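Quick heads-up: it's one chain on its own, the form predicted alone, in structure tokens.
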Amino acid sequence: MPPAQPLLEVTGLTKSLGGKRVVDGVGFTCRAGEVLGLLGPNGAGKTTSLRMCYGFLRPDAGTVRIAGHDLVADGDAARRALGVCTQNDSYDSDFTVRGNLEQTAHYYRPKIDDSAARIDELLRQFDLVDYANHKPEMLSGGYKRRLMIARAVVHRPQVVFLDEPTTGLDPQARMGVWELVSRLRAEGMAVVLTTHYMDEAERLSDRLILLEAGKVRSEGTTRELLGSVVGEHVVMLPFNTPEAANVDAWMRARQIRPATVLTDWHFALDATGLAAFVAAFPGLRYEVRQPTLDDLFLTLGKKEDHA
């Protein structure tokens, strides 16, 4: 059976700001019940791409289709099918938690027929029942984020954009938001997530898109992304080891630029490179592990420093 048509289809997005091209031909898709992680270092074009995807910025070129509707040509239908939770809390402090959901529900056309029942459902699902009549300022950071996500899905969208949804939250609150994201996926929504937390990206995302300098650098599962950008293995050893000069010369000869983390060198090798390293330094003490998304950002950071 062929896979379902993507709920989000982004093609050739291009945008220049201040005379500089910050997004250059970006394209990706997201299907029902999928969490797509959008990653990249600062300045990679993530936020600009996202803002074009949900209509806050008009692209210079390219198209965005939400549930089959072109965001420019059929904007009302496209926006009715998407929900947005931005980085910043944008609730209305004049209303209670319930009032915020009610006011948001009123914005949508066609109207949400069962809006009262939908709001009661969200208050239960997001564990906000006890705070329904409180002003948002009285909530903890984690519960404010719950309210923001609840507002984003009050109209039962098919595509949801979550931009840094757990920034500034404590670990327990972060895990609470993770559970909510998993629930959105289980309900069949297509979820696009940006985050700077690498554990969050690995845990939540079914697929990852890596942006670099405004372009899609790589995409796939976490393992596929790491394999294409970082490598198969990461070697860690103290840079004050007695063999440091020899190791440094060995790396320079192979144009390997290690990342420095506290007192250690971290550098990636493929299977052949690791075998050569082991043969070159048989008595050296070091650790070898699989790469993580943190290594990916260290790799990109080294390229920026070298540019």
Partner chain sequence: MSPTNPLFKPAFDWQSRAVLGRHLRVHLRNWHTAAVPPICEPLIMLLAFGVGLGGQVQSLTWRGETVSYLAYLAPGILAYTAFMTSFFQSLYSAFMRMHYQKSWEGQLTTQVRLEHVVWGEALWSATLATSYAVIVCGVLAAFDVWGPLDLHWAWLPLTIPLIFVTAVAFSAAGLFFTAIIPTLDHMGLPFFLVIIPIGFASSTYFPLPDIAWLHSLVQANPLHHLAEGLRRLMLEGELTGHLLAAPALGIGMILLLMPLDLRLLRKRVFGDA
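From a predicted model like this one, the values you see are computed outputs, not experimental measurements. Residue numbers count along the first chain shown, from 1.
Not pictured, yet referred to below: the form predicted together with the partner chain.
This chain lacks the partner; the member of R118, R207, R203, R80 within 4.5 angstroms of the partner chain in the predicted complex by a non-hydrogen atom is R80. A single residue from the set E179, D114, D92, D127 has any heavy atom within 4.5 angstroms of the partner chain in the predicted complex; that residue is D92. Not one of F239, Q255 and F281 places a heavy atom within 4.5 Å of the partner chain in the predicted complex. With the partner left out here, the partner chain still marks one of 188 to 196, 170 to 178, 99 to 107, 213 to 221 in the predicted complex; by a 4.5 Å heavy atom cut-off that stretch is 99 to 107. The partner chain is not shown here, and in the predicted complex it never comes within 4.5 Å of any heavy atom of A259. Using a 4.5 angstroms limit between non-hydrogen atoms, T86 touches the partner chain in the predicted complex.
Contact between A67 and the partner chain in the predicted complex is not found at the 4.5 Å heavy atom cutoff. The partner chain is not shown here, but in the predicted complex it comes within 4.5 Å of a heavy atom of R151. Within 4.5 angstroms of the partner chain in the predicted complex, the stretch 4 to 37 places a non-hydrogen atom from each of K15, L17, taken in sequence order.
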